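Just one chain follows, in the form predicted on its own, and it is written as structure tokens.
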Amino acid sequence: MYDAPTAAEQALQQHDIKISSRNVQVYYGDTHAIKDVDVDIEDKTVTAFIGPSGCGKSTFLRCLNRMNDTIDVARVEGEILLDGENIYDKKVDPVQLRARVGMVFQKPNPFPKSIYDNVAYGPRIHGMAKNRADLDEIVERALRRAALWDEVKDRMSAPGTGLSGGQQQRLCIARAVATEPEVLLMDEPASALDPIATSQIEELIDELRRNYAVVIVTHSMQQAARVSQKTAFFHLGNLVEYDDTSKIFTNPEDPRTESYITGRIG
């Protein structure tokens, strides 16, 4: 018997959609933190989540690689498909999922290990290298993708925690891309950095979208306008509006979006 495709499956078939969510709800205990979120995230595109503090953008981002599983009181309902597979299916291993959907956090968080071992950590866990030469190649490729190789290639055994803030964040990006993910989630990746390091991270994000679907949460509307092609505006746990970035910033359809963009709310 033929089962009609769900709304999320239909969306994936129509475009080069990497992740499709339908009717997603998130509860923290009795608190309904995310309500009815439908969004399609395109491959090889930077999608920005914007909105006031506490609006749900980071909570929803963490649904996309099941990071909310680590919070006892969190409950996620609805459907989130990665390449057509429901990531909340019982068969899906969250550890394997997080190799495919990498994450970079707000504060650079290198492991207390060498630069080399920070990047090699994921590939070792997932058995991606047959030998040391393989691993060396993976580490170098990840550091090059994170635009860090030239700065650290002569001190790979030095501790990752000894790098500058901007370098540490790029090391965390290298660590995330070392497992060859398909999606890269970034939760305010430049908010702890100075303007020069922020500019380097923004340039890097633009490079990374050639290989990945990139989803970035940012409190900076200017940053969203600079780095993203798609923007989603969250407010009070609702996805208010989702469209091309240029349209969201110049001609939004919802008055709440316009109020936020012009600084009247937030």
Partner chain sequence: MTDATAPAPAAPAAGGKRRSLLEVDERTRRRNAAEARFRLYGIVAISVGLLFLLLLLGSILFNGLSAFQQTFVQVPVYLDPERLDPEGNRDPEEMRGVTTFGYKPLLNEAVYEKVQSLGIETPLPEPAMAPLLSDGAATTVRSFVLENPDRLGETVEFDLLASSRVDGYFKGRVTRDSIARDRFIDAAHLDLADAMNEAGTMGKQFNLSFITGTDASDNRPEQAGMGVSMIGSFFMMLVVLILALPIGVAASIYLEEFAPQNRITDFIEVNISNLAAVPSIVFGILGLAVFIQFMHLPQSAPLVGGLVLTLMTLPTIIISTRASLKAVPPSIRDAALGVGASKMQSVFHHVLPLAMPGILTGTIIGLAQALGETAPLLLIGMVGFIASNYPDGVAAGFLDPNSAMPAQIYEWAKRADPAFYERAWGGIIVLLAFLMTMNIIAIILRRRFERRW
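All of these numbers come straight from a predicted model, not from anything done at the bench. Positions refer to the first chain, counted from 1.
Separately, the form predicted together with the partner chain exists; it is not shown, and the next lines address it.
Asks: Can you confirm whether 102, 109 and 112, the three residues that make up this candidate site, all sit within 4.5 Å of the partner chain in the model of the complex, judged by heavy atoms?
Replies: The answer is yes: all three residues contact the partner (heavy atom, 4.5 Å cut-off).
Asks: Decide whether residue 89 counts as a contact residue for the partner chain in the model of the complex under a heavy atom distance cut-off of 4.5 Å.
Replies: No, no contact at 4.5 Å.
Asks: Can any non-hydrogen atom of residue 62 be found within 4.5 angstroms of the partner chain in the model of the complex?
Replies: Residue-level check for residue 62: yes, a contact with the partner chain.
Asks: Taking heavy atoms only, is residue 179 within 4.5 angstroms of the partner chain in the model of the complex?
Replies: Within the cut-off, so yes.
Asks: Please determine whether residue 175 contacts the partner chain in the model of the complex, using a 4.5 Å cut-off between heavy atoms.
Replies: Yes, contact at 4.5 Å.
Asks: Name the stretch: of 132-140, 67-75, 190-198, 148-156, exactly one has residues whose heavy atoms fall within 4.5 Å of the partner chain in the model of the complex.
Replies: Going through the listed ranges, the match is 67-75.
Asks: Which residues within 124-144 place at least one heavy atom within 4.5 Å of the partner chain in the model of the complex?
Replies: Read in sequence order, the residues that approach the partner chain (within 4.5 Å, in the model of the complex) are 125, 126.
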